[in-house]
Ligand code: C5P
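Okay, here we've got a single chain as structure tokens, the form predicted on its own, with questions on binding and movement later.
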Amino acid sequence: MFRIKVPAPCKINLHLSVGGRRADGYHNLESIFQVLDFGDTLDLEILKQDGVCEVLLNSPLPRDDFPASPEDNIVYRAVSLFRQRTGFDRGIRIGLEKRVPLGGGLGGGSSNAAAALGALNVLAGTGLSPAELRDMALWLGSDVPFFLPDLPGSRGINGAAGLGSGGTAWVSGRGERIVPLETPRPWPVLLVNPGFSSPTGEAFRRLDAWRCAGGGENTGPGREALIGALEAGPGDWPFWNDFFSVLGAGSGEEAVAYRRIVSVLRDSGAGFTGLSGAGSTCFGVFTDGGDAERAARLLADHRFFVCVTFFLACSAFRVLQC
């Protein structure tokens, strides 16, 4: 096999509760991840010259958002790590079709890294186990293991399929504990990115400072109730995102943008609205695709990035050339 093309779907956090800072500097999280039928694509090809790694970017997104050096790209780092762990030294060219906004809380970079690891495991014929791939994925980032494609061997709550790039999961710890869940109906989702990024580290610092200053913590149902709520329609979901209490507060331009987007989504018929990750992408989950499309047209007039998509239950490699 000399070439493979793989999807790298993005995710939203239907729920995100942030606990206290741990001794290792990370925060404990409890979250419901949902993969969407929207994302990037990686096209990997083996080259004749050993040892080289070319990452070719094609994207409609602003170039200023991307790392200045290819070595800073998480896909490049995934290739380097894979080489270190396996000894694979064939030359690789990776075409990256980048559609997911950077710094938007959608896990685009993490999904790219996971897709690269999975594709390299196929191209190199290394046959790494799920545990070995998970170890590399976690080294690259807390969210990366969730996106690993089609790993067999684990069963989730209610008999959900094994861990893989697609579907729904309860994610906890720093992001390394992943329990697959049954994916809800393929509800229409409208993604709305306000045109600015939200650096994860800064968002955590703001949340910590807000709590130290007396900001209250969100409280609500426990894990089992939250998971069970997925069986209901979006209008009955009790989920929340702790970051929205901070990022959406105040009179600053970014806070105003967050509140405006959420207000339009609700007024347009979204049963549930939320903020994904640590920002900056907001989303609305609809029961009617027509309402989602009308909201997209309305929000596009504000010069926001908008995309109508759906919940994704699974995602698999597509081999282009052998």
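Fair warning: this is a prediction, and the values are worked out from it, not measured in the lab. Sequential numbering from 1, following the sequence displayed.
Another form, the form predicted in complex with this ligand, is not on view; read the next lines as being about it.
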Out of the stretches listed (100 to 108, 114 to 122, 82 to 90, 200 to 208), which one is close to this ligand in the predicted complex, meaning heavy atoms within 4.5 Å? 200 to 208
Heavy atom within 4.5 Å of this ligand in the predicted complex - residue from 184, 141, 130, 248: 141
Sole residue of 29, 296, 55, 262 within 4.5 Å of this ligand in the predicted complex, by heavy atom: 29
Given that this ligand is not shown alongside this chain, does residue 134 nevertheless sit within 4.5 Å of it in the predicted complex, heavy atom to heavy atom? no
